[in-house]
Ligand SMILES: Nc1nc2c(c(=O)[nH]1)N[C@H]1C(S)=C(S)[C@@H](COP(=O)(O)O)O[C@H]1N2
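The chain below stands alone and is given as structure tokens, in the form predicted on its own.
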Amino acid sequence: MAAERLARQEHIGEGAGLWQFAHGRGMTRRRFLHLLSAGGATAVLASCTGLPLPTAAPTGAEEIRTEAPLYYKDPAPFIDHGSGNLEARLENMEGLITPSRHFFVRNNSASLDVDSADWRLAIEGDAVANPLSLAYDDILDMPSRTFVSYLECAGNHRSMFDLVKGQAAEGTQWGTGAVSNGRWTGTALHDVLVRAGITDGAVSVLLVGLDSGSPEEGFRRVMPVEKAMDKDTLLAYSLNGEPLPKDHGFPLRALAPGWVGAASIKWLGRIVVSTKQLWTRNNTTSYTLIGDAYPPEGESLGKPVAVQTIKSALALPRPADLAGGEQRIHGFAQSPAGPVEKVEWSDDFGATWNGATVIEPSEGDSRYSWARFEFMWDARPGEYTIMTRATDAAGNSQPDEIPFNEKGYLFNQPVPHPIRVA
């Protein structure tokens, strides 16, 4: 009720022009109030994106800020791909933990500004016996867990399909920086589902965010009940010892370690637990491997993307300019299947491989964290290409080749990194 009262007050006051603007683009009053209470003017304007412009400006429209901010952090340290997508520059990262100010951003609309006092998390569906509506303090009062985990977009390294294989894929042309490593605190999704009385018949768990900007209202992702009930699947409210930044899902987001970032829903607002396999845009036509090597599964056009792949990359600009002489070069490697055990490098296109030193993480942080590696390289004047490849404790290594898929997900061949030595 507090949220609705706030929305109505906004409508009566400065929000009146905003309502007229949104209504002129076909938005219903119910949708307007929901978005305004959940994310303010930013969420309303973001939801208007892609809708037809009114033929005449509504009364008061000159007072409206027609370009909503896509994010709240300073974009200067990033590669800005537009549409709210900020790629981290690995060369800015020296330590194991990515500072929040350098943490990459992948949005499907604008970042939201959610008031935790009015926020609620609904847990519902035909596979829970006790549907819940939890407040922020309810989540904070539950038992917490803290661990280090990397978070990586399914499309990280996507541009390499074009640069390495000569076949461009759809989507944001990420380089190697759609990944970061953070220390997360939250409560286990398992505990919330048990509190809601999850039944033995549960099959799918659907996580729905408060954001919009896609054909479905609220970005959403389905995960099997086994992943949802894994005690390391978090409802996270803290990143690096501080409340989640607005760009990263405040007040609450999911964190699904080892899975693609799309499963770690930001600005989480609803969880639906079902006795049936659920299908949405994000496991049928998007976040799906579509190509000759991927036969369709269920209602999907291909193979839905879930678990990430093992990768490595140098922490250097692209291309890198180095001075001659002995150079200490570092980078990062990550795997969903456990700690990275070995990293190798080659400066002759893979004819020979040399061992790098894996120097972090510590044993206690190793399961989900990325690893930092380094090696010494005798840089002589000229132009070079250095590649790296990682192997994890389970024996998984980066492959020499992977099949193309239309959306450009999960590229993990060794990445050639151009270097110029003066």
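Treat the numbers as computed from the prediction; the structure is a model and nothing was measured. Residue positions are given as counts along the sequence shown, with the first one as 1.
Not on display, but discussed next: the form predicted in complex with the ligand.
Trainee: Picking from 186 to 194, 132 to 140, 114 to 122, 263 to 271, which part of the chain touches the ligand in the model of the complex when contact means heavy atoms within 4.5 Å?
Mentor: Selected stretch: 263 to 271.
Trainee: Does each of Asn108, Arg253 and Tyr287 have at least one heavy atom within 4.5 Å of the ligand in the model of the complex?
Mentor: Looking in the model of the complex, the three residues Asn108, Arg253 and Tyr287 all sit within 4.5 Å of the ligand (heavy atoms).
Trainee: Report the residue, out of Leu151, Val205, Ala333, Ala236, that has at least one non-hydrogen atom within 4.5 angstroms of the ligand in the model of the complex.
Mentor: It is Leu151.
Trainee: The ligand isn't shown here, but in the model of the complex which of Pro304, Gly209, Gly182, Pro339 has a heavy atom within 4.5 Å of it?
Mentor: If I apply the 4.5 Å criterion carefully, the residue I get is Gly209.
Trainee: State yes or no: in the model of the complex, is some non-hydrogen atom of Phe104 no more than 4.5 angstroms from a non-hydrogen atom of the ligand?
Mentor: Residue-level check for Phe104: yes, a contact with the ligand.
Trainee: Give a yes or no for Glu344: in the model of the complex, does one of its heavy atoms lie within 4.5 Å of a heavy atom belonging to the ligand?
Mentor: Contact check for Glu344: no, nothing within 4.5 Å of the ligand in the model of the complex.
Trainee: With a 4.5 Å heavy atom cut-off, would you call Phe219 a contact of the ligand in the model of the complex?
Mentor: Taking the distances in the model of the complex, the answer for Phe219 is yes, it comes within 4.5 Å of the ligand.
Trainee: Under a 4.5 Å heavy atom criterion, is His248 part of the interface with the ligand in the model of the complex?
Mentor: Yes, His248 sits close enough to the ligand in the model of the complex that at least one of its heavy atoms falls within 4.5 Å.
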